[in-house]
Structure formats: C-alpha cells, structure tokens
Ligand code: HEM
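Have a look below at one chain only, the form predicted on its own, in structure tokens format.
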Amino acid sequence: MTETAYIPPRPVPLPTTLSLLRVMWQGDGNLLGLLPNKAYTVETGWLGWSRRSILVVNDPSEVRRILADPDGIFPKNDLMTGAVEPLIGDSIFVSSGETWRRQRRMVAPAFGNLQLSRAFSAMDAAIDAREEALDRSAADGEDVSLDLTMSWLTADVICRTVFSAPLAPGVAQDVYEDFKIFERSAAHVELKRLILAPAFEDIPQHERVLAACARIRKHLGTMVDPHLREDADFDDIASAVVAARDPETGAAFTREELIDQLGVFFLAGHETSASALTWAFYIAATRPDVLGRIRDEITQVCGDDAIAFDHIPKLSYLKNVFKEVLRLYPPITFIPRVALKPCEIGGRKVPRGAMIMVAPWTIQRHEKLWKNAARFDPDRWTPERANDIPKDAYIPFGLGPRICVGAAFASVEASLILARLLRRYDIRIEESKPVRPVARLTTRPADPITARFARRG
C-alpha cells in the first residue's frame, strides 16, 4: 500500500515583489511568505532588496562551508542573536568563537549522561500523564489544541529528562503562550527592521516581549534552583551542567548562565519537537493511507505489547514519516549567519554585514535537489531509494560542529509519541479555516489546529 500523491500545506511561491506585498498585507511576521519563487530554484541568490543585503544559500557544499565556518567569519546572525538574548542570554545556541567553545566544553559531558534507553522511561511516564488528560477530553467529547498538546507533552519529557521532575501544573500553558508572544513580536521578525536596518545595530525589544521572556526565565529558574541546594542529589542533565567547570579556569556557571544554558535545552528541546509532532499528527490524522500503514506496522512489530525501546528501530515506516515531516516542516526554518568580512559565496561577492540565509525550508524543498520536492513521500527514505537523498541537503538538525546534540533523542521521542498516541486514539481535525504554515523562529501553523481525540475500540 502506498500513499496517493499529496502536497501538504505550504505558501504558494510568488515573484519577489508580490511576496513582499503578501507579507505586508498579512502583517503577521511570517518569514515564509517573504520567500520568492526563485528561493526554491537558485543555488545562491540575493533576496530582493534590503539595506544590508540578504543572500539565500541552497548549494549544499556552500551550506556545509558556512555552517562549519573553519575561518570564523560566519557567526550567528546579529539580528537573531540580539532578538533572543533576553530569552536565553549569550548561551551555546547563539554564542560564537571562544565563548561558544568554552560553553561547548562545559556542557558536552552532560549529554554523556543522556543514555537513550534510560531517557525512554521518562518519555513513557510523560506520555502516560498526557494520555490520562486526553482520555478525560475524549470521554467528555472535548476539542483540544493539537499545538498545545504537543508542547505540553514534549515540555514534560524535557522536564523529566533534564530536571528529574514532571512538568509543574500550568507551566506548559504559560510557556506556550509566552513563547507565542516572543515569536510574534520579537524584533527579528519585523519586516521594516529586516529590510531597512543596517548590520550590527542594537536591537531594542518591545516591553511585552521582555515581559514574556522574563516570565519564561522565572519558570526556568524555579526548575534550576533545586539543583543548586547543598543537599541536592540528582543524576540528570541539569546536575551535570551545574557540576561543569571550565577546564582552564575551574569556574562554574552562574545561576543566570545556568538558566541560559538549560533554557536552551528546555526551549529548543521541546519547542522544536512539538512543532514537528504537530505537523506529523496533522498529516497522519488527515491521510488515512499514512495512518493505516503506521498502525499496521505497530501491530506487526509490537502486537498488543507495550511499545518498548527495542521496538523503536523496527518501526521503519513510522520513522520515515517523521523524517519526511522534518524535511517539509523543519522546526528551525532558518539558520541565519552574518558575514564578518567581505567574502565570496557561490561565485557572488558578499559584503561585510550581509545576512547569509541558510534555510532548511528552501534547501529541503529545492526543486533541483529533490524529486517531487513539495510532495509528502515517506518512501523516499527507504534503502531502495537512497540515491534520491542529496548529500548535505537534509539539515533539520543543522550541520557541522553546531549540529543539534539532541537529534537522536528527538527521533526516539517522536517515534514513541506517534506510536503510542496513534495506536490509542482516532484523531479528528477540525479545519474551520485552511491550515497555513508560518515561520518566525520555529515552523508552526498560523492558527492553532483543533483536534478531537477518541479512544479506539
């Protein structure tokens, strides 16, 4: 059984001027709408006109060079780092040069603690808790927000893994709402600033964004503080980061630095997974052919038994569905860099201060790199079609030295969540309006997707 040709929701590519007018008309900071049709076909190309110049780079070899950055001339883009600083400070997600190398040396050992087989029990426990809530909603016939459900679940997984505690009541809802404020209103998504602001300009944030960041950081501090007590006795990622010392100076992270670093793990670890899972459940719920194959595979691999860690590698079709979701809806839509000095990329002269736009969204939908690029096709990931996958053109977790350290964790987490919930529930999507993807920091639906879960059998 194979899927019928299916192209899931996407913005219609338009010429450059029309793309700009569309974003101005919609007024919601959706950077996907700003991408012109040529962004999906060129290897490298200037994105319309802007004061600081924006170069879209889709050539996989140039992408690898930029993200590996052996000469240190393509740090994280200043517009983005300035925007996220109130939320996660100068953490490993945004820092560059020696600061980044110091932080990497200090936090890397924490992931030696992260044995997937051990983390699996935390994932299971979080899903147990979410199933109890979904069972109540199902019994009452209540609609739920698919986006919020996934954020709640993945935040609980991260809390149990990083902080050895379940998610405190209300925290997921608060973080979800505040992160929406941050994504919608942070200065890095303002069209005027993106086009007209000069490079390396200080970025003042709006008061409501600063307030949202402060509330999120307060929640993070509440999770960190138990690990700072003298009698603390934890064996988790947070305790490993608390115990980390700079190998040169012997200095530990301060409390604020711990909030920065562990905030990256918490926010990136659950927001990105929640984004991808929202799209995965939407597609599975609206495509009976996909759902049928997933359930048949679960039955074949697991029978009526609980889904165990050893089952996950055998759920090959389910994992291919998730890979294809990550291709079409990469959680981190853009990986922006900035040129610290004049250089050349793809034969184009690039001035200092130019924004270098590496976009998993365009690379992974590039018409010259992928066959039927816009089509949802999990079978492209089978061994028989390995030649269909272009080298270095699949980068949902980044590339080079800054590749996401949680990639394997995210894959196991997503496979378990999809397998357990799709086996347990029928999910009906309420589509009162067309589903439209938007991108600010992560790739999300423009409006929350409403779903109704019903127990099977």
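For every residue, the number given is its place in the sequence shown, counted from 1. Nothing here was measured: the structure is a model prediction, and the numbers come from that model.
Below, we turn to the form predicted in complex with the named molecule, even though it does not appear here.
At least one heavy atom of Leu326 is located within 4.5 Å of the named molecule in the predicted bound form. For Ala410, a non-hydrogen atom is located within 4.5 Å of the named molecule in the predicted bound form, even though that partner is not displayed.
At the 4.5 Å threshold, heavy atoms of Gln364 stay clear of the named molecule in the predicted bound form, well away from it.
Taking non-hydrogen atoms only, Gly269 approaches the named molecule to within 4.5 angstroms in the predicted bound form. Picking from 81-89, 369-377, 344-352, 98-106 the stretch near the named molecule in the predicted bound form, with a 4.5 Å limit on heavy atoms, gives 98-106.
Proximity to the named molecule in the predicted bound form, defined as a heavy atom within 4.5 Å, singles out one entry of Phe93, Phe74, Phe120, Tyr282, which is Phe93. Interface residue among Val405, Ile389, Val42, Ile429, judged by heavy atoms within 4.5 Å of the named molecule in the predicted bound form: Val405. Annotation for 148-179: the only interface residue with the named molecule in the predicted bound form is Ile158 [heavy atom within 4.5 Å].
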